[in-house]
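This document starts with one chain, in the form predicted on its own, laid out as structure tokens.
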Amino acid sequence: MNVLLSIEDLYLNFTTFWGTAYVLNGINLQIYEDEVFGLVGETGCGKSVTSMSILKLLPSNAHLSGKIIFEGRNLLELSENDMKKIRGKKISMIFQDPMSSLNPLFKIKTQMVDVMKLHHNISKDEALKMARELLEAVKLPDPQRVLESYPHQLSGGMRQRVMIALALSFNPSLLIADEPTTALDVTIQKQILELILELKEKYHFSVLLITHDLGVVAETCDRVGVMYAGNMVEIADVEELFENPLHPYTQGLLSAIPDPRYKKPLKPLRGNVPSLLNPPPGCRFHPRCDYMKPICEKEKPELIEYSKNHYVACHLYGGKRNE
């Protein structure tokens, strides 16, 4: 498979009033063409800022280093003008709350037409026709009524479909979906996820799906990366990860999922997520790990390929790339 996006040794720090927050601690991952890659972890582990780093949409107090290679170019070396040609066109993004992404003062028609006229250099009538076709593609009933509506007149699921239509209007190579179903009820969640997969098969783009829901990952993703406190701790095919989790954190996440087949108590992870203002040295998970060794307190484990296409960052499995 061809690599579409490669993140290499990505570090991200934020300078704050309370000190420096070490948010990303050397992230490495690859997303292939025509795949769904899931990024999972607890709230605050760095999933969303990873996606914002890809698009270079970070505040002025952010300090970013490493490489983000997309279609052969390092995005971190591109100018703002060059990034504008990539955002929304080559890489599109949908967020968890579509209400905050749509302007409440304008009709859907106005917002979609303005975007398409600006970026496609087409007439208003052509933009309106394209908008209607896109709303039909995302299976919105009565597209004309939707176009004449304000955002508050649509349900959450309908607003999210509008955002998906906007994201697909430029035929992107990569769609970043940042917890796109969090604000929706379970039935609508399923419909939105199925829609994204259906459109992915139709238009042949890759998806970076950011979520904290392992059930969603199991149903939708081809591969998955597990993050903890700014570190990528495990990457594997979805079936392999669920059948053979290697990292103690991944094992802890899976053991905390209720299984109706067995009447056994859940086993929550002990301890708390560390502060990124003062993260633990070595492996950031070691204060909560049942298998902690002296080396875990001193050296950060590297992400190594323990078995075919199964990567783990843990001293239990070597933890160094040259071993």
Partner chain sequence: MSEIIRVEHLKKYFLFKEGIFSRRVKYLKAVNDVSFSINRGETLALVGETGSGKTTTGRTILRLYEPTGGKIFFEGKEITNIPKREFKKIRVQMQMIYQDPYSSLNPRMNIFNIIAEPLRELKYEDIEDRVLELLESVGLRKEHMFKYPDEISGGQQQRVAIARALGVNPKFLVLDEPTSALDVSVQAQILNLLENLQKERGFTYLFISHDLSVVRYISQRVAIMYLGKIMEIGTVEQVFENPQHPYTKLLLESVPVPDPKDRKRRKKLILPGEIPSPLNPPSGCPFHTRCPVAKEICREKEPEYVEVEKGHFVKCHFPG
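Positions refer to the first chain, counted from 1. Values in this document were obtained by computation on a predicted structure and should not be read as measured data.
Another form exists, predicted in complex with its partner chain; not displayed. Remarks below refer to it.
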*Mind telling me which stretch in 27 to 35, 49 to 57, 270 to 278, 294 to 302 gets its heavy atoms within 4.5 Å of its partner chain in the predicted complex?*
270 to 278
*Can Q251 be called a contact residue for its partner chain in the predicted complex at 4.5 Å between heavy atoms?*
no
*Can you check whether G215 is within 4.5 Å of its partner chain in the predicted complex, heavy atom basis?*
yes
_Check E239 for me: does it contact its partner chain in the predicted complex (non-hydrogen atoms, 4.5 angstroms)?_
yes
_Is it the case that S155, even though its partner is missing from this view, gets within 4.5 Å of its partner chain in the predicted complex, heavy atoms only?_
yes
*Taking M93, P104 and L128 as the candidate spot, are all three within 4.5 angstroms of its partner chain in the predicted complex by heavy atoms?*
no
*Only one of D142, D114, E219, E133 has a non-hydrogen atom within 4.5 angstroms of its partner chain in the predicted complex; which is it?*
E219
_Contacting member of I188, A137, L76, L147, with respect to its partner chain in the predicted complex [4.5 Å, heavy atom]_ = I188
